[in-house]
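Take a look at this one chain, the form predicted alone, written out in structure tokens.
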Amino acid sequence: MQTSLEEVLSQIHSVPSEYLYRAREHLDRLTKPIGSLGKLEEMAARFIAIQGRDVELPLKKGIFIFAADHGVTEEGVSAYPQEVTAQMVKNFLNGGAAINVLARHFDATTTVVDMGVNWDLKGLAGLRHNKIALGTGNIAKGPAMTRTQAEQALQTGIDLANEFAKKEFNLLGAGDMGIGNTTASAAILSVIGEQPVDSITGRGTGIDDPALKKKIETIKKAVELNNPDLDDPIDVLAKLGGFEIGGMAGLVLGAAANKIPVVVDGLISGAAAILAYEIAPSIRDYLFLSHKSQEPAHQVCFDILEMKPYFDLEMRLGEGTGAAIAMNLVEASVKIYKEMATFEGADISEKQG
């Protein structure tokens, strides 16, 4: 039975502070100077607190690659043609992309979801067929989608989170594929973060200076033309976003309702997380920010959430690649929490004074 957005929102609650306190207390009893494992200790404490119970190892990890096309590509904002989205979907399904390599290495499942690829992908084995439309509208000429379509995108992500919760997955990652989606994401973050478009718009797939100028002009035009309601994140999604962005936002909401942490990837995943946060601020407790993308708009996500990413490998690929690496770190931190000896158990003297 499908869980509505309203029902999901009623199920999202902040992680109890006493759960976090107990987890940190246990970490302080392990055979090491207090806090000496730095961010690994933070990861472990937050993960254990979210679960609120004992956790079995290995963790059951799932990465979702939401794919969709963007009408704004006709404005010349990307270095690659739109058909690359469909071609990469096939590459994901064949196991040949970077995310496939990393997911295999870290023993995580990958699920590819067609949210709105502008290509007939019927019959492709292993693909989740959730196409809302053949890409969004060109935001430089009108809204990306209708509000109904935006809600449908959110619902798809929620349904996936519920499905994988029933399969007892306890760590999810959000990834993306969609030519033109850095334009949509920068537009979303310029509005929600109230930041000037010029300073947060990046080169995406590697565009040159004239294309970057065109991209900035396009985003400014889209924001002015569509005039999204800052107090209504679903309206922002509908006016400026992408179907894959909505799917990821829904995944975050659904995961939080099921008390499952979500590892956020780069800019696109970050924009989706911000939309989810604007809808339900308590989801912040369930987010693990993997890395800092080279896209300048990504910093807006960190500023809004008042959280820091765990690493910076100068990545800008997307797909969930940064999330996959961070998921491995999260699992390593949980192993430390569960398997490392305590001072008492190892008969080692604790720090004096």
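Note that residue numbering follows the sequence shown and begins at 1. In this text the structure is predicted, and so the values were computed from the model without any measurement.
The following text describes the form predicted together with a further copy of the same chain, which does not appear among the structures shown.
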Quick one: of Ala79, Leu230, Leu225, Leu134, which gets a non-hydrogen atom within 4.5 angstroms of a further copy of the same chain in the predicted bound form?
Ala79
Only one of Leu121, Leu93, Ala98, Leu212 comes within 4.5 Å of a further copy of the same chain in the predicted bound form by heavy atoms, so just point that one out.
Ala98
Contact between Pro33 and a further copy of the same chain in the predicted bound form at 4.5 Å, heavy atoms?
yes
Does at least one non-hydrogen atom of Ile274 fall within 4.5 angstroms of a further copy of the same chain in the predicted bound form?
no
Taking heavy atoms only, is Tyr19 within 4.5 angstroms of a further copy of the same chain in the predicted bound form?
no
Counting only non-hydrogen atoms and a 4.5 angstroms cut-off, does Gln87 reach a further copy of the same chain in the predicted bound form?
yes
Within 4.5 angstroms, counting heavy atoms, which one of the listed stretches 62-70, 307-315, 47-55, 280-288 is next to a further copy of the same chain in the predicted bound form?
307-315
Just to make sure I understand: among 197-236, which residues lie within 4.5 Å of a further copy of the same chain in the predicted bound form, judging by heavy atoms?
Thr205, Gly206
